[in-house]
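Only one chain comes next, encoded as structure tokens, the form predicted on its own.
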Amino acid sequence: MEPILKTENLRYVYGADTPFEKVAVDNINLEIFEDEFIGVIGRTGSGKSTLIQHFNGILRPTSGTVFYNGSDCWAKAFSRNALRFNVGLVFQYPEYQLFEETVEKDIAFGPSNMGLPADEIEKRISDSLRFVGLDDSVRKSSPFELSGGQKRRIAIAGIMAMNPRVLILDEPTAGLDPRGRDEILQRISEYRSEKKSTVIIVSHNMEDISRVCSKVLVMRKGQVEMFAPVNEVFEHSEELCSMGLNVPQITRVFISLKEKGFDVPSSVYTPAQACDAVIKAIGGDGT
């Protein structure tokens, strides 16, 4: 199976050949396939945002290659405009991307630039509002008069309206309260299930990643530290903690129990796993 996104020896340097030169990503080799739900984690400065900006052609590699659906994204005949319709990127604090007079005009901007007919654009506006938990009553509102949480949903809806094959979100839950965070993640999961899209979420919050993603990419100092299914990554939970990453609270509890001599795994990251581990530790059979 051909990966939908692939990087070969990807390297990007900010301020090359200046006193401020900084290697942001270095020798990245990845394959991402259709219908995967990937979480990207790492400390500030680890290269997460730089990496994802290569996936839709915002940044050009200093060296190495980025492929979309088998084609070099920087080949002469390759259309990066078409790429950005297929690989939709929602920036951190996406509400700052809003600029139109009304919600419906903002959401329609991408589909209109795709040259879609009016009836299809109307359908996509309604569908994308539904995906982010809003209804048609906000269509005529100015996006700047909405709450912060609603602005974020509108910005995400604008990218969803293009029906990208890959949806990338950079810290989509940053600054939201727990209820708002849970709802945004639920809506993104529902979108992926219905559209069968590949979804990539960048987050500092391992709790979020562990709940919704199937694979985790761990970045460290511009390189890939781990890239594996969630359960395999959490087998290294103590190492993740030593890297300063915010692993789920329940994982920290089990690491602490293990350090105190209890015979429990340190890779627990869900309540169900915690329940099973406790029952096993006390010699129960779970009945």
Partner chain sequence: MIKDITIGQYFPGDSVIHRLDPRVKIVLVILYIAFLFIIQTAAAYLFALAVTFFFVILTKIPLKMYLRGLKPLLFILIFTAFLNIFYSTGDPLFQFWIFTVTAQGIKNAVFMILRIFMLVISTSMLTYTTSPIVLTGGLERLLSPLSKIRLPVHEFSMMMTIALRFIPTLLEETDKIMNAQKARGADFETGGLIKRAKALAPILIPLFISAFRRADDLAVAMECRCYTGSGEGRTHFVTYSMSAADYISLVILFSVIAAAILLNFVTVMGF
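Small disclaimer: the values here were computed from a predicted structure and weren't measured. Positions refer to the first chain, counted from 1.
From this point on, the text means the form predicted in complex with the partner chain, which you will not see here.
Figure note: of the listed segments 205-213, 97-105, 182-190, 126-134, the one touching the partner chain in the predicted complex, with heavy atoms no more than 4.5 Å away, is 97-105. This chain is displayed alone, yet in the predicted complex one of 138, 73, 116, 89 has a heavy atom within 4.5 Å of the partner chain; that residue is 89. In terms of contact with the partner chain in the predicted complex, the residue from 199, 121, 162, 146 that brings a heavy atom within 4.5 Å is 162.
Proximity of residue 78 to the partner chain in the predicted complex: non-hydrogen atoms within 4.5 Å are absent; the residue sits far from the partner. For the chain shown alone, residue 250 is not a contact residue for the partner chain in the predicted complex, no non-hydrogen atom being within 4.5 angstroms. When contacts are judged by a 4.5 Å heavy atom cut-off, residue 241 does not count as touching the partner chain in the predicted complex. The closest heavy atom approach of residue 263 to the partner chain in the predicted complex falls outside 4.5 Å.
Although the partner chain is not shown here, in the predicted complex the stretch 6-40 places heavy atoms of 17, 18, 19, 20 within 4.5 Å of it, in sequence order.
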